[in-house]
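As structure tokens, the next two blocks hold two forms of the same chain, structure 1 and structure 2.
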Structure 1
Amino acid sequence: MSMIERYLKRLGFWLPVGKRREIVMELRGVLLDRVEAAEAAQGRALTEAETRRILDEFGPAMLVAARYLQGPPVISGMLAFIYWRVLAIAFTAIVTVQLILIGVHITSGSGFGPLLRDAANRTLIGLLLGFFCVTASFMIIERCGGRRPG
């Protein structure tokens, strides 16, 4: 199996099943055209490294396949920028609260081992819950399109 065929097989894995064959055939044509143009320019068959360079310029298989996926992003545009900022603020707040709680427990003379284990568990749960709440909120805002009820 050639390098291009292996690349197309990886790419096909990420494509929607219903359109996979059609898209892979189209991309095979594009890649072979690029290889033929490069071979014509050099007057010889391409080396494996030269073919690899063409594939690298074409892009990682998963990212190329993503161009063919349908459906809107979960959170898009300016809202995505705000989402990442709010998520960063939420995560910072969660970690800060956990550090404060660790400081309070240390000053109260609690055992250090169980304290770290509990703090790690609380932080992980807090981060997951924070991620879920912020993401769900922004998904709702995205789907409502900024419309006001009523």
Structure 2
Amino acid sequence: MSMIERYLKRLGFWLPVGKRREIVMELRGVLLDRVEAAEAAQGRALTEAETRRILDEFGPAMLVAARYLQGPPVISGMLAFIYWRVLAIAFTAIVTVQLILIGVHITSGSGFGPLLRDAANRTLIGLLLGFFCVTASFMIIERCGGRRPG
């Protein structure tokens, strides 16, 4: 498989199935035209490095595919700082609660090994749940909050 076909395969992977064939066909034509024009200018076949340069100038496959899929962000830049801050606070609270529980269980004489294992499991579940709740909340705020013009 040529370098261009490998690039198009990576790009096509990120596209919806219904649009993939036409988009890849169009971009294949564009890239082959670029290569042909460069070969005509140089009077010889391009090296791998020169072909790679054409692909680099075109753009990373995933980024180009993403441009075909542009939609509203999950969480906009406007809310992003607040989102990360709330997430950090939530994670800190979850870990702190687990450390307190570890302290309480140690003082009550529970076995250390099982204690740590249970605490690690609870922390992991807590972090995942915290991430889900915070992210879902901000997604709802993003969708329902409305935006200022401009």
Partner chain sequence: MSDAATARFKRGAAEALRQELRRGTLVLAALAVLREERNGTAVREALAAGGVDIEDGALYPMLRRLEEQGMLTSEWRLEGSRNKRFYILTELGASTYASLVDEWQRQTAGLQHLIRKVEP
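Numbers follow structure 1, counted from its first residue as 1. Here the structure is a predicted model, which means the values were calculated and not measured.
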Checklist line | Number of the structure representing the form predicted together with the partner chain | finding: 2
Margin query: One rigid part rotates against the other between structures 1 and 2; tell me which of L32, D56, D118, L69 lies at the hinge.
Written below: L69
Next item on the list: Fill in the domain rotation here: degrees turned by the smaller rigid part against the larger between structures 1 and 2.
Entry: 24
